[in-house]
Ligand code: ATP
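One chain comes next, on its own, written out as structure tokens in the form predicted alone.
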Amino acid sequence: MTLQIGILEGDDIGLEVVPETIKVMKAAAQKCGLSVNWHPVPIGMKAYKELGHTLPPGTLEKLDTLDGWVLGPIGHQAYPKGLPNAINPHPILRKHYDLFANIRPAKSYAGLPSIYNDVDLIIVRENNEGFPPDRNVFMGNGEFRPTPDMTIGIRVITRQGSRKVARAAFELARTRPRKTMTAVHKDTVFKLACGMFAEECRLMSKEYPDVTYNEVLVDTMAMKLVMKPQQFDVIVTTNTFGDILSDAAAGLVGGLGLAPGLSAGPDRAMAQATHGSAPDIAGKGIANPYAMIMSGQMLYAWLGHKHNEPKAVEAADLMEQAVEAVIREGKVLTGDLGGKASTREMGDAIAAKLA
């Protein structure tokens, strides 16, 4: 098949790291004969300046025709405030396409500065419920202030949402050598909310007898993660817990520059690195493209398995090998990784491995 993949550059360093990602993805596709049609789609501040909208009319309609897309980091804090045409597009994309599973790997590499070696884990975070006020109500806001001195925030946990993300995590664990999955919650305190999430994970575990299933309370997980992260394989948890734990895991292996991500739903997936748009270094050509490139690699792998397209899986494998080769050689790395290369030079080095 011919994959249809969108290119949404985002804001700030997204304009630098997304082109390097597409460069590497194109090289991998050419290497293994994968057919891909690429579709630039406007979004973010650049789209606002050119078209008057951060999520221009027609963008969702275009994405409806695609299999997946690469989304650069969104710098929505710099958008004009209070304008309906200057919205943060990320939560709209996530909810519109039911991108319920946010998959965030953390992997250490020999030769790169990190707190721990031999870390290779993935946190699967529920993406559309939980505490974030933009994703737990149909209309309005999930936070409100009934008096000047009181703020109330709503947390939403559903059986359907818990079941979907649990299944996604078990499916992922099944593909990995250790085949181990750990559910993280706090059902000792949040007896109904975390209790429901834990119940659904336990029920799902019965469908995956080949996967070793464990549970850890979130505060205990924080301790275990910083003491011995090597013991974990796939971790599944609720929205806010996953957001915090995945940043902690990234810090253990070298920082957010080494933190790729994929938001996946029933029909489509969106590659988006965990890090933000970093306006303080935008335009300097020093941003580390690793996280965005490996997010693209994850998109290829997801699309390959989803559509039974072995060439996409092969392209993902080739990208991973190319990235690891450049890191192992250590000659063309950005400053945060101990080198002196620019964003483009590191992207060129990875793409060259695929020539």
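Numbers for residues come from their place in the sequence shown, where the first is 1. For clarity, every value in this text was computed on a predicted model and none was experimentally measured.
Not pictured, yet referred to below: the form predicted together with the named molecule.
- For A278, a non-hydrogen atom is located within 4.5 Å of the named molecule in the model of the complex, even though that partner is not displayed.
- Although the partner is absent here, E345 is not a contact residue: none of its heavy atoms lies within 4.5 angstroms of the named molecule in the model of the complex.
- Taking the partner from elsewhere, I13 is found to have a heavy atom lying within 4.5 Å of the named molecule in the model of the complex.
- Using a 4.5 Å cutoff between non-hydrogen atoms, I244 does not count as a contact of the named molecule in the model of the complex.
- Checked against the named molecule in the model of the complex, the candidates A287, L299, A312, A28 yield a single residue with a heavy atom inside 4.5 Å, and that residue is A287.
- Put simply, of G265, P229, G257, G261 only one has a heavy atom within 4.5 Å of the named molecule in the model of the complex, and it is G257.
- Contact annotation: the named molecule lies within 4.5 Å of heavy atoms from the stretch 269-277 in the model of the complex, the single such stretch among 156-164, 209-217, 94-102, 269-277.
- The partner is not shown here, but in the model of the complex the stretch 325-354 reaches within 4.5 angstroms of the named molecule through a heavy atom at D336 alone.
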